[in-house]
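As structure tokens, one chain now follows by itself in the form predicted on its own.
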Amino acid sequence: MFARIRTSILAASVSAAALMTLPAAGQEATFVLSTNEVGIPNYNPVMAVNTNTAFSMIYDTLVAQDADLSFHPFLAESWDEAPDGMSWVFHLKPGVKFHNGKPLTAAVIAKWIELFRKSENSYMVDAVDRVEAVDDLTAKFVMKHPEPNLLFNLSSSFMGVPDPDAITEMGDNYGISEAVGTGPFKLESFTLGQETVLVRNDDYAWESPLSANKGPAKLERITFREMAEDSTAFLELKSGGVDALLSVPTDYIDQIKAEPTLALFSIPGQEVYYMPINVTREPFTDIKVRQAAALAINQKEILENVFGGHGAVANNFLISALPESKIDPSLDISYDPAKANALLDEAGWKMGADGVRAKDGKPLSVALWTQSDSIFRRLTEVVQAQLKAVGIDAKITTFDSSTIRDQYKAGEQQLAVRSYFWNNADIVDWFFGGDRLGYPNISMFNDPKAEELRDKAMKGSKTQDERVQNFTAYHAYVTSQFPYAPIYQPEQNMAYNKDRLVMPDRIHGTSVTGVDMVDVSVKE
């Protein structure tokens, strides 16, 4: 669910109006996707369990979210919510067309919402009973119950608006050879695990108000490359092989600052690194062992030694900018080796001469999964050493970044090191919901009380204040059961060749999206 987006553009027939504002030729750029965005199987938002930066360039959303988490018009130029929350009316922007020339209408929105109910992310529209096309440009969402989170859902990369007929007609091929949205770029080619090439939508004239540009994008073509090794990506940027890195590991920040041709900027972090703990696999069926493993993680040491002091420690599951992260401080998880050792003693795991605990003749040896990206390997080695310090022998298993999600689905993992990218409290539902065991619920957490709190948080909130209160309670209870250990909150750092690219003064969004990319240009 977490997320990000990479794209390229296909030349289309150009209207006379567009010709007057079409940017100059030769505007091409190459970006490297962040490592948590690699390996997506296709560009079908209805089937997606993960997205990347290109999604937001192929598909526009009804609503745009700015970096300060405020909401703004996009494909919907305005909206009205009924006082009781039981309906929303969205007024669509006139003149919007899909890449195949089909107009965007309220009837298309209704068909898309019904198609989206079949997706992995159907919970985003669970509160919607139906969508009525009042007229071509007026879509009325009739609700089953109030949904204070609806604007956020409609602004997410998972809810970029595709042509639903194209998805139905193309079936499994959709999103591989063709992807039909209304966005500023079109899909030209997609090579799994390697690159995505997008070309400009020359008819584009319905940007979000957050974009400075009010016509087609300045870039003609964008290539989004996937690189599993951060060192390789950095060298490519330094040598001019690529124009920008959409995510910069903290190891390279000082080196980038020292390069006269490179520039760096940061936007508020939306990511959390954490260690999921499988509550169904021994020895972690015992909450004392889970708690001990969580308390063994020295977040401050990791912040300083692995990430160079850039970012912040994580003490629970949500980014600190969210009000739902403010649970009772006594429930926050922080490094406490003395208590970790005491809990393991209480659970019957006695320290051996070799520094590994044992119980009934069986050593406290567990599997610790990670992905092949260099930063994850380094972080996992530190986590391994911190677990060993309290007597837990963690043996690292490394999977390719593009396949590890499939490995999780079997539910055989014990511990893992991973991250998610999301800026809404519903991520707790996504990773700990009892109906999503394996993946995304890597912790295999299925607790009756948690499910009651989850249902109240997801469906029982009439107002945003109620939703914050309900999600805070749900988040707090999940945290109290130790199905995870929080580790780190990074900053979002991007680097680019300032001799090649002209970037916007400010990024309008929780990551770089099509809203920003229409304003990017290549220096002449």
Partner chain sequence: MSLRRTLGPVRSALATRKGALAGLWLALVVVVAVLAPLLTPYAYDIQSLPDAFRPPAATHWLGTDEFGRDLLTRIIYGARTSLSVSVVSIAVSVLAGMILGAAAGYFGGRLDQAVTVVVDLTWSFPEILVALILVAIIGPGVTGTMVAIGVAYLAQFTRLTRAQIMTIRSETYIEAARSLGASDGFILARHLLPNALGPVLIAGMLATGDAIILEATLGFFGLGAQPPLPSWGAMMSSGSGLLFKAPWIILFPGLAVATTVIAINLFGDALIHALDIKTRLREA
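Residue numbers count along the first chain shown, from 1. Quick caveat: nothing in here was measured; it's all calculated off a predicted structure.
What follows is about the form predicted in complex with the partner chain, which we do not show.
Checking Y252, F90, F284, W206 against the partner chain in the predicted bound form, a heavy atom within 4.5 Å turns up for just one residue: Y252. For the candidate set E381, E188, E77, D126, a heavy atom within 4.5 Å of the partner chain in the predicted bound form is found for exactly one residue, namely E381.
The three marked residues, S330, N446 and A450, fail to reach the partner chain in the predicted bound form, with no heavy atom of any inside 4.5 Å. Heavy atoms within 4.5 Å of the partner chain in the predicted bound form are found in one stretch of 392 to 400, 359 to 367, 207 to 215, 267 to 275, which is 392 to 400. In the predicted bound form, the partner chain lies farther than 4.5 Å from every heavy atom of W112. Contact between D336 and the partner chain in the predicted bound form is not found at the 4.5 Å heavy atom cutoff.
The closest heavy atom approach of S119 to the partner chain in the predicted bound form falls outside 4.5 Å. Among residues of the shown chain, D135 is not one whose heavy atoms approach the partner chain to within 4.5 Å in the predicted bound form.
Residues of 222 to 253 that come within 4.5 Å of the partner chain in the predicted bound form, judged by any heavy atom, are E229, S231, F234, L235, D251, Y252 in sequence order.
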